[in-house]
Structures are given as structure tokens and as C-alpha cells.
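In C-alpha cells, the next block holds one chain alone, the form predicted alone.
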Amino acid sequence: MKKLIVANWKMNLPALKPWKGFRVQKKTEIVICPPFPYFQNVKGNLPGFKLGAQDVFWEKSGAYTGEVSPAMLKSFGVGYVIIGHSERREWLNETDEMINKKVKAALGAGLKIILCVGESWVVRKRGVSAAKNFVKNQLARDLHDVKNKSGIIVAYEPVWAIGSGHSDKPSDAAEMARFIKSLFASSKSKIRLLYGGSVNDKDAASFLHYKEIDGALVGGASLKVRELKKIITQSYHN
């Protein structure tokens, strides 16, 4: 299975010029998720990269100011969408019920889902079992009544390891990845599992080394072209 690197540019201006001439090898899949206004810029200037969105709404159209529907994303050539990112859960108070609606709408439109889950430090400090139980329950709510899970990619982002001074061990991340994949065993859906705990060019290889981890969801480091190029290169060898 190809490694998958997803670059979440968040609410930042894209730096496209330094990517000129960069070629993506077939052994790795690269998805760039820019802010909505820059879809066309990315699509026209980064050949070989796939286009993703940072969010989506669950309705097809209507009086929902500021929202974007799955069909609108597809009209721009978007193939992937991040749903349930920890920042949206925290700053915009997104609930599991809202995330569940988004998942269903996006899957129904044929988009591939990058569903973010992960525990806080309050949960993690109680132990690995507590963290696993939290993630299990989170996934159950986010995927409630979702029959076909084949288009889902799970991004495990331990919130406590993002800009907090705490760091996750690659072996612990691999253990959580195995656990998450085991939750899908009965549905016979082979999901891909990304790690998203503040991945950078210095630690990406140590996480991607584990076969249970199929790629990375890269946040801040993806805005630094040199760092993201190094992460992509490291994915070729894992």
C-alpha cells in the first residue's frame, strides 16, 4: 500500500513557487489541503499532487453562510476532505454528531474522508487503555450508521502531543494504529491510518517506519517547503 502524506495548510497563504519542478514518486500519494480560495492555484501549479479540503458541510445547498458542500468541492477536483480536526473540535465546538453528518454527506458524494480522532492529555495521563477507549468511542460516534467504510482514512492525532511539550513515542503510536485498525476488522474494511501528532522532518521517518502507520497528516511543518519535501522523501523509504 502506498504511503499517504496529507499537508494541512490551515489558514495560511500557500507557497507554490518553491515546488516548481518537484516530482512525486509513484510509491507515495501526496494530498495538499489549502484554504478554500486557493484550490485553483494549487491545482494549476502542483502537478502530481492531489487536492484535499480542510472541511465540508453536510447539506447540498441552502442558507448556510460560509459553508461549502461536497458537490462544490468535487467541482474543483477535490478528492479528499479532512473532517473532525482537533482544532475545529476545540475552536468551533464541532460535535461528534456534526462530524457524523459530514462524514455521511462526503462519502455519499464520493469523497475520501480523512477522519481525525485523538485524545487530550487529561485522558492520556490516565493510561493507554483510557486513550484507546476514548478513541474507540469517538470513532463509534463519528461513524454511527456508516455502512460502507472503504472510503475512510483515519488520522490519529493525539492532541496532547501537538505543541504541548509532550511527545509521542513511535512505538506507542504504532500500538494505537494497530488498535484502531482492529476496530474495523469485523467490517472487512481495510482503512489507512495516518499519524498526526506534530509530525516534522526530524521524526517522520521514525513513525512511518512502522507498517501499521500508512502515512502522516502534517500540519505546521507542511508550510515549510524544505521540511515537507524531506518528509515526502522519507516516505519513499518506509
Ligand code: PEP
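The first residue of the sequence shown is number 1, and the count goes up from there. All values reported here derive from a predicted model rather than from experimental measurement.
What comes next is about the form predicted in complex with the named molecule, which is not displayed.
**Q** Can you say which of 37-45, 196-204, 169-177, 58-66 gets within 4.5 Å of the named molecule in the model of the complex, counting heavy atoms only?
**A** Looking at the partner contacts, the answer comes out as 196-204.
**Q** Though only this chain appears here, would Q234 touch the named molecule in the model of the complex if you measure heavy atom gaps against 4.5 Å?
**A** Residue-level check for Q234: no, no contact with the named molecule.
**Q** Do I99 and the named molecule share at least one heavy atom pair within 4.5 Å in the model of the complex?
**A** Although the named molecule is absent here, I99 would stay clear of it in the model of the complex, with no heavy atoms inside 4.5 Å.
**Q** E157 versus the named molecule, in the model of the complex: is there a non-hydrogen atom within 4.5 Å?
**A** Yes, E157 lies within 4.5 Å of the named molecule in the model of the complex.
**Q** With a 4.5 Å heavy atom cut-off, would you call L228 a contact of the named molecule in the model of the complex?
**A** No, L228 stays farther than 4.5 Å from the named molecule in the model of the complex.
**Q** Check each of L111, A161, V103, A131 and return the one that places a heavy atom within 4.5 angstroms of the named molecule in the model of the complex.
**A** Of the listed residues, the single hit is A161.
**Q** Give a yes or no on whether each residue among P14, C33 and K224 has a heavy atom within 4.5 Å of the named molecule in the model of the complex.
**A** Zero of three within 4.5 Å in the model of the complex.
**Q** Listed by sequence position, which residues of 204-222 have a non-hydrogen atom within 4.5 angstroms of the named molecule in the model of the complex?
**A** Those in contact are L217, V218, G219, G220.
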